[in-house]
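Just the one chain here, laid out as structure tokens, in the form predicted on its own.
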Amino acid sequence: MTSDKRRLQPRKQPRQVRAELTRQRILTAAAHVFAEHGYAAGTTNRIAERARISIGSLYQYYPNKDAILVELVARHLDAGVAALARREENGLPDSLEEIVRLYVRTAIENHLDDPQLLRVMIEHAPRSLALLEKVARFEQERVAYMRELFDRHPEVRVGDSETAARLVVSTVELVVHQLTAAPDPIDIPRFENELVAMLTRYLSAAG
């Protein structure tokens, strides 16, 4: 267990600006390499070459490409949390449909940067304990927020707000992940409209 944990953790936590910049270069290079070549062919040698550093320098920061991918996934999750927090700080719309749209649109936008990289994350990212805990914590926080919102919103008609919150959070995350990373592109505006309509009807339908 300990060896697996170390295998998926960064070796070096940068304390200086220069070191942090090097780590950012490694992660940026890895994102490009995984997207262009796939995970199997996305070797650490290719990543180091793209980052314009020696392979020895790369290994000072990460023990292998699995650890690099785990950090890319963690940063993807953090970006989604931050984007949603920024939207919520500006205040929520009044109508249930527009609240659902805000949530759905934020999730979609967080997945549009590079569908090929997203596919690599979904199919190949090792499920480290730290990553699983991060995902679980994000889901619990989002479900609690949604449950409270559903309990006080006059348009929500579901009988069990806890179950409804879990359904909505899981549906948005799973469906957006799956369809934005699909090999055959989906029409994003139509996808957003259909998902918003589906969730709004579910939440507002009388039991």
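For every residue, the number given is its place in the sequence shown, counted from 1. The structure displayed is predicted, hence computed values, not measured ones.
Keep in mind that the form predicted together with another copy of the chain is not shown, yet the notes after this line are about it.
- The listed set Arg75, Arg86, Arg127, Arg137 contains one residue whose heavy atoms approach another copy of the chain in the predicted complex to within 4.5 Å, identified as Arg127.
- A single residue from the set Asn45, Ser170, Ser57, Thr28 has any heavy atom within 4.5 angstroms of another copy of the chain in the predicted complex; that residue is Ser170.
- Only one of 172-180, 141-149, 60-68, 47-55 places residue heavy atoms within 4.5 angstroms of another copy of the chain in the predicted complex, namely 172-180.
- Another copy of the chain in the predicted complex is approached by Glu194, whose closest heavy atom lies within 4.5 angstroms of it.
- In the predicted complex, His32 stays away from another copy of the chain, with no heavy atom inside 4.5 Å.
- Contact check for Glu155: no non-hydrogen atom falls within 4.5 Å of another copy of the chain in the predicted complex.
- Shown alone here, Val100 lies farther than 4.5 Å from another copy of the chain in the predicted complex, counting heavy atoms only.
- Although another copy of the chain is not shown here, in the predicted complex the stretch 146-167 places heavy atoms of Asp160, Thr163, Arg166, Leu167 within 4.5 Å of it, in sequence order.
- In summary, the C-alpha positions of Asp184 and Met121 diverge in the predicted complex, ending up at least 3 angstroms farther from each other than in this conformation.
- Pairwise change in the predicted complex: Ala136 and Ala125 C-alpha atoms lie closer than in the shown form, at least 3 Å.
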